[in-house]
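A lone chain, given as structure tokens: the form predicted on its own.
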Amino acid sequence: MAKITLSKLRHSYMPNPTSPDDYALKEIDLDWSDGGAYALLGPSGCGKSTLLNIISGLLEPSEGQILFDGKDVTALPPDQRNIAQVFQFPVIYDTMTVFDNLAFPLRNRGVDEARVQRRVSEIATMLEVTDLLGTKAAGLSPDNKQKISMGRGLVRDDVNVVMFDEPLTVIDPHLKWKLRSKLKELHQKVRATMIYVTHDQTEALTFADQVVVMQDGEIVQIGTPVELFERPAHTFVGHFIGSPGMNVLAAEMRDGGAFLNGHHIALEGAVTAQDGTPQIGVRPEFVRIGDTGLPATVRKVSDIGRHSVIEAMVGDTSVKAITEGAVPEQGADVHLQFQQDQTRLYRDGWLATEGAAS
């Protein structure tokens, strides 16, 4: 296991990049502590797979360094970085038994057979596949094949980091929650440094202690799942995390205050930036239907089980609210109330108000 440090890391697939737009990864400085569970989260093309390949050694960065426990490994090939990687599609040997698949990484490194037996038994117990050890891998279900692929990554106890590259992509939705829970349980038991790459917010927030949210080759926020939900540092984070995502509403600034469709909106705290296009950000969970507040007209009501999502129009601006219990009818005139300590100003996408703890 290792602490991983990324220092002034940049990468371009062009031979002579001349502008920031030429870089798939903008400058990244990041520390991951030994034994932590981390996720790289973002849409396709945001740079997360490029970053993973740089950490694993499959790709050498254009600029910067990768350090494992302070040792520069930037130029080292994958086999000298002591890592394990689990991919989207299970990497197992169909003609081998489950036991031999799990044992392969150890036997390939000359580990004595008694140690192989003990370690495979430990991992099989954790994965709940002990009864499958004598079964040929070709006959396994897709979720069990991915379990074995995960086990091959975890069976070595000397790796610096275990990396998961969208490992649940090919798993049926009804089985994903079981494997997500199992992976979290495994991390708590083995305490290896783990990095999980995904575009799925549920996977990232379920697995990771710290989530790195990426957009267009940049890190826009690093935080716990609670921090990312409750206080997005960027409107992209607010959009990307949550269902539905944060309301991002074009605002007008005057007399030191924020206005939406001519109505003053109370913010969580003082405005910290005066330049840039202003937007108000508030999650639907913190918008209420009340007797007073911002006049609006209900456009749509969606019943999604535990609660309803109300879409209301404030002039030409759509605002979503999540509510439980009775809901207004489509076309009804209502008033919207924004919870002040969860209502923020953003400038050019970036958070521009002080929070209650600031």
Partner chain sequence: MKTQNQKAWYFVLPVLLLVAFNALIPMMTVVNYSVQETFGNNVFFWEGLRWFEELLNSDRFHAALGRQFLFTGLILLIEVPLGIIIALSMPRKGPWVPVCLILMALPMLIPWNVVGAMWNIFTLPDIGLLGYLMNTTLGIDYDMTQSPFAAWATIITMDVWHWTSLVVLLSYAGLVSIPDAYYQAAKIDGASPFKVFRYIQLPKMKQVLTIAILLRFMDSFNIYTEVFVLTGGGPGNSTTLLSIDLVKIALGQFDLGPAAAMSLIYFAITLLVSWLFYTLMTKDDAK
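Positions refer to the first chain, counted from 1. Every value quoted in this text rests on a predicted model; they were computed, and no experiment measured them.
Keep in mind that the form predicted in complex with its partner chain is missing from the display, and what follows is about it.
- Using a 4.5 Å cutoff between non-hydrogen atoms, residue 259 does not count as a contact of its partner chain in the predicted bound form.
- Proximity of residue 147 to its partner chain in the predicted bound form falls outside the 4.5 Å heavy atom cutoff.
- Its partner chain is not drawn, but in the predicted bound form it has a heavy atom within 4.5 Å of residue 78.
- Among heavy atoms of residue 187, none comes within 4.5 Å of its partner chain in the predicted bound form.
- This chain appears without its partner; in the predicted bound form, the one residue of 281, 90, 232, 217 with a heavy atom within 4.5 Å of its partner chain is 90.
- Residue in contact with its partner chain in the predicted bound form (any heavy atom within 4.5 Å), chosen from 83, 197, 194, 123: 83.
- Shown alone, this chain has one stretch from 273-281, 249-257, 125-133, 100-108 that lies within 4.5 Å of its partner chain in the predicted bound form by heavy atoms: 100-108.
- In sequence order, 152, 156 are the residues of 144-168 having a heavy atom within 4.5 Å of its partner chain in the predicted bound form; the partner itself is omitted from this view.
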